[in-house]
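Read the single chain below, which is given as C-alpha cells and is the form predicted alone.
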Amino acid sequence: MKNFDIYWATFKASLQAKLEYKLDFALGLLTSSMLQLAALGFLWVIFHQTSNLQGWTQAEVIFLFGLTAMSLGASELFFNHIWMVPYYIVMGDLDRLLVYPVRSLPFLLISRPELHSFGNLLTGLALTAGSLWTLHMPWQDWVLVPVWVLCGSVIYTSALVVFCSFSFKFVGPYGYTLMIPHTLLQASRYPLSIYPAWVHYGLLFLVPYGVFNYLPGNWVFGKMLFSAGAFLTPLVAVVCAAVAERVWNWGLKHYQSTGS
C-alpha cells in the first residue's frame, strides 16, 4: 500500500506538470483524434466497396476500432514511459531508477503520462458508444467496456515491456522493437478472421490483442455463444502482466551501466 501511494503521487505530479502546457495538450488531443479519424476514413472507403468484412458490419468493426483506440489511450496515459527505456539504457539514466526503494517496472511505467492519450480515449469512447447505440446493445455490454479497455491497455503495455526488454541485451538508442507490438495493435482494429491463419492465431495466442476486442466483439454481436469472449480477458491480462515482469527482470540481469 505504501508503494501504491508513491506510484499514485508520482503519476499525479507528472500529469500536473504535463497539463501546465495547455497548447501542447490541445495539439496532442487534436493530432491523436485526427489520426484515429483518418483510420476511420479508410474503413469508410472499404465499406463503400463491400457490405461486410467476413460477416462483420461497419458498426461492428467500429466497435473494434473504439476498443483499440481506448486501450491505446489508457496505455499512453498510465504506462507510456516504457518507450524511453532504450534511450535511458544508452545514456545511463536507468541507473537512477534502479536505486529507488520501489519496484522498478511499475514506477517507470506510471511516471510519464502522455497528453495525446486523451484524444485516443475520447475518440475511442465516441466510436464504441456510437456502435453500441446504433446496434441497440443491452446495458450489460456497456458495463463491460471499461473492463475490456483496462485489460486491453495491460495486454498492450505488457507486449511493449517484453519487446523493450530486449534492449537490455541488444543495446541501441532506438526503440524500433517497440514498433512491432504497436503496429500489431493497429492490425487488431479489424476482425482477425480477415487475416491469414498465422496472423489470426498470432494475435490471439502470441500477442493476444484479439482477446480484448475480437473475442468480446464476437460475444457481444452473437457470433459466438461461449462467454469466454467476455470473461477470458482479465485472466489473459493478468498472465501477460506476470510474463512482462519476468521478462523485465531478465532484462535487468543483463543491464550494464554506461559507467563514468
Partner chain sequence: MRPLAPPLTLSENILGYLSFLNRALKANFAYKASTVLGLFTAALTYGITVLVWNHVYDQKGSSLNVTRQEMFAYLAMAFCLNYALTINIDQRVGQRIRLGLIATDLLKPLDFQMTQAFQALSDCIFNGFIALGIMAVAFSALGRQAFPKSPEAFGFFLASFFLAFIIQYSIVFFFIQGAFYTYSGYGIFASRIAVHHTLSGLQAPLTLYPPILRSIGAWLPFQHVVFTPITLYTGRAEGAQAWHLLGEQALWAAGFYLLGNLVMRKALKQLEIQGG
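Small disclaimer: the values here were computed from a predicted structure and weren't measured. Residue numbers count along the first chain shown, from 1.
Omitted from view is the form predicted in complex with its partner chain, to which the following refers.
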query	finding
Close approach of Q140 to its partner chain in the predicted complex, 4.5 Å, heavy atom	no
Distance check, W44 to its partner chain in the predicted complex, heavy atom within 4.5 Å	yes
is_contact(A197, its partner chain) in the predicted complex, heavy atom dist at most 4.5 Å	no
Contact of L184 with its partner chain in the predicted complex (heavy atom, 4.5 Å)	yes
Interface residue in the predicted complex among A129, L144, I180, L150, criterion: non-hydrogen atom within 4.5 angstroms of its partner chain	I180
Residues in 34-55 close to its partner chain in the predicted complex, defined by a heavy atom within 4.5 Å, in order	M34, L35, A38, G41, F42, W44, V45, I46, H48, Q49, T50, N52, L53, Q54
